[in-house]
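Okay, here we've got a single chain as structure tokens, the form predicted on its own, with questions on binding and movement later.
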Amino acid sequence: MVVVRVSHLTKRYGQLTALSDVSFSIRPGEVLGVIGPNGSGKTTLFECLAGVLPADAGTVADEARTLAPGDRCSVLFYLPDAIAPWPAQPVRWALDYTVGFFGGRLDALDDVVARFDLDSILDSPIGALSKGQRKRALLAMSLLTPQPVLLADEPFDGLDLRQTREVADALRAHVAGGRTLVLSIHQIVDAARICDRFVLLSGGCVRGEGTLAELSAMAAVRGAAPHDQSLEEVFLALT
């Protein structure tokens, strides 16, 4: 089953091709990792998927229809990296506003606050939070939205090792409740810890899609067998 299918997505900036013929599928109830170094096109891809940046070619479709950019917000919720919305408002207000504005899950509010350890910062203005605190607060807000697919750009950026593991556990628990996550990650160790499948992006092109075992087999078929079965070695072999 496929909840969203991306076909031949292309984005150009003058002579620079940021995305070239990008195609992959998003399956319901999975954590899909879009893996690639900085500059590989991950953020551009997410912005095109969400419809906030126009693509030059390609389509995004659900099971029934091609989704115009203005229609994708019914299926996809996009959380960009490094934003600080409503900087003067406290975290508590932002969580309540997210539920009310998007028609989100009020019943999940207490659980999200606990999982992301937000009790101590609920009354702090968003603009006064540290990078890691703001990241946890924004992820909590995004998990309260009702769209079936959540796109999160660099969800672990700004978190230390312990926080990264705690946030990964929280995201996995959320998927167990029926949500689908698509995560843009440049730290391969983090991706291997949380993701079910992977899209390997390099130079704006998809170099492979599948589980770690499927990607390893793909590398072997191409005559670029990795030294071991780690995601890092498979990525290097395919890119």
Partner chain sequence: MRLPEKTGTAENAKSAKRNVFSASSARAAVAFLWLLDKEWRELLSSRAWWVLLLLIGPLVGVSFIGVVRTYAEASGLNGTAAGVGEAFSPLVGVWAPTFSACELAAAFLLPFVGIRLVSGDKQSGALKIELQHSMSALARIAAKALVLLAGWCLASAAPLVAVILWKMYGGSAYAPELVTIALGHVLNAGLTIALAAATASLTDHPSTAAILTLSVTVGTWILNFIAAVQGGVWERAAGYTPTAMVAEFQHGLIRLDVVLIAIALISTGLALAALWMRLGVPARRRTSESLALAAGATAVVIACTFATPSWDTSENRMNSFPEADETALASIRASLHIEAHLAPEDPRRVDLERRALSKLRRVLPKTTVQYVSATSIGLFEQSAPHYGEIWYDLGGKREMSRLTTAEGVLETIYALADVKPPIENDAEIFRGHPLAVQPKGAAAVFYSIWPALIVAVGFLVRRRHA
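Positions refer to the first chain, counted from 1. Just so we're clear, the structure is a prediction, and the values are computed from it rather than from any experiment.
One more form of this protein should be noted, the form predicted together with its partner chain, which is absent from this view; the next part is about it.
Contact annotation for D123: at least one heavy atom lies within 4.5 Å of its partner chain in the predicted complex. With a 4.5 Å cutoff on heavy atoms, G127 does not count as touching its partner chain in the predicted complex; it lies far away. Using a 4.5 angstroms limit between non-hydrogen atoms, A140 is distant from its partner chain in the predicted complex. In the predicted complex, its partner chain stays beyond 4.5 Å of every heavy atom belonging to P37. None of C73, A168, L109, L118 but one reaches within 4.5 angstroms of its partner chain in the predicted complex through a heavy atom, and that residue is C73.
Note that among 203-211, 43-51, 172-180, 186-194, the stretch whose heavy atoms approach its partner chain to within 4.5 Å in the predicted complex is 43-51. Within 4.5 Å of its partner chain in the predicted complex, a heavy atom is found for not a single one of F198, Q229 and F235.
Residues W93, D96, Y97, G100, F101, F102 of 93-113 are found to place at least one heavy atom within 4.5 Å of its partner chain in the predicted complex.
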